[in-house]
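Only one chain is shown below, in structure tokens, and it's the form predicted on its own.
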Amino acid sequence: MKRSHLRIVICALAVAGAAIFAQQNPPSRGRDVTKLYTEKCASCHGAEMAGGSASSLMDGIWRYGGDDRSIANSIREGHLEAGMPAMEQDFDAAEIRGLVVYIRERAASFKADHTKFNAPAPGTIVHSEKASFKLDSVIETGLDTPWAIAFLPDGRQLVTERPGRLRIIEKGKLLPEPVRGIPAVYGGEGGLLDVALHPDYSRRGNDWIYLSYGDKSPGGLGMTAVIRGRLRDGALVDEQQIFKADDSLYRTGGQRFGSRLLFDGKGHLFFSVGDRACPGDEQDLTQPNGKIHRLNNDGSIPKDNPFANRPGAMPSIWTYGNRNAQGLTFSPVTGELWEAEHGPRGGDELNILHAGHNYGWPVITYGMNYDGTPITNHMKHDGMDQPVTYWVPSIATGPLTFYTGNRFPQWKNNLFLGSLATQELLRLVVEGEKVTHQEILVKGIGRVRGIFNGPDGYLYVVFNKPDRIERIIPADTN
């Protein structure tokens, strides 16, 4: 049996009998940490971690240090003078890491329940750290799971809907009929995903529209694919396949397709393909999933791609070891490619991507499996890049955009990140290759699915649940 076929069988067996949208986990490296805490820790720290004979783990007061390493050391080595026994005989290293993630999750949940965040209705003024703003509704109804928008030179906007429709906004109104000629899509977390315009769209002959989507093989499996076409009289015509893996490399299930499309200033198209919940593929250069890819705008392979001349490797691969990247953006200051990577339970990452580099998943991670079992105790490994920053617990990172407009000079070149699970729009201050500050601008009004710089200098935000598009404008804008 061919290696690629064997991987499909293994991935299919991993979800046999389970719901199609259930997450597949890397192999467990230990026991369920929730149960371990109940059995070994709750008698002292309390069932809710609020304290008992030992201190609370919820109040942010750490006698022996509150960073991840210090908490892990306290669990492993104990503090006998304070009545804390060493647990290194009870838990292995991976389980200790899982306990740290679990404690972080519970503490963050407690803090969120006792913190007031901005959850504004449209038109309500929000006073943030650097600027006062309000949400201005672009489209309030009529959309079904919108994912991304693109701005046409004539003032219209294109909007993708994950069920497989490309919509048009014209003069502030959502046209009732979707664009015809869109390919059939694979469902679940696939569907119709990102949309982007050729970087020289206005030049004659370059009016190409690029779409990423979950493609379905004749055998019923799925993988991220990319096409381009031209918009003519409400239809996508002259369609060309820009990226499509061989059907033998497609995967079962509806999880983790990525995907973002991003052009650089040289006409190269970068796009992400999620790992498709098939652990191990991310480290395999013969597989498309769990990677960032780079092509010329016509789908050909750039000669300087890092694996273009490696026998057996997919020549489009730019980086690998990426779990599920749903945010890609270039720094307007350094030109570096930044990526937001949706992690497991804990361990969402913000990365700077370099050609040919390995970002570690699932060999290294700061998170654990969704079922509460640890993945590994390894957070670093030679030859694998570290994230710029990471989030434990997970916020479910999604879109990522540097603000380049002129409406909010206080935010110029700040990085904006959206989250799904925690429904947050975050502003990150970047200095060099470090994030020096984070601010939650908006929380709890919907899953943030897309963030885009509009040609009018405003930020446009795509929300799911409820589905709508909002524009962020200064508070003094009428």
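Treat the numbers as computed from the prediction; the structure is a model and nothing was measured. The numbering used is simple: start at 1 and walk along the sequence shown.
Quick note: we don't show the form predicted together with heme C (HEC), though the next part is all about it.
- Using a 4.5 Å cut-off to heme C (HEC) in the model of the complex, not one of I149, L193 and I227 places a heavy atom inside that distance.
- Segments offered: 86-94, 133-141, 159-167, 113-121. Contacting heme C (HEC) in the model of the complex at heavy atom distances within 4.5 Å is 86-94.
- Using a 4.5 angstroms limit between non-hydrogen atoms, I61 touches heme C (HEC) in the model of the complex.
- Contact annotation for I242: none of its heavy atoms lies within 4.5 Å of heme C (HEC) in the model of the complex.
- Although the partner is absent here, G65 lies within 4.5 Å of heme C (HEC) in the model of the complex, judged by heavy atoms.
- Although the partner is absent here, R427 lies well away from heme C (HEC) in the model of the complex, with no heavy atom inside 4.5 Å.
- This chain appears without its partner; in the model of the complex, the one residue of A396, I75, I209, I182 with a heavy atom within 4.5 Å of heme C (HEC) is I75.
- The partner is absent here; in the model of the complex, the one residue of I125, V333, A235, A82 having a heavy atom within 4.5 Å of heme C (HEC) is A82.
- Residues from 36-66 that approach heme C (HEC) in the model of the complex with a non-hydrogen atom closer than or equal to 4.5 Å are K40, C41, S43, C44, H45, A54, S55, L57, I61, W62, R63, Y64, G65, in the order they occur in the chain.
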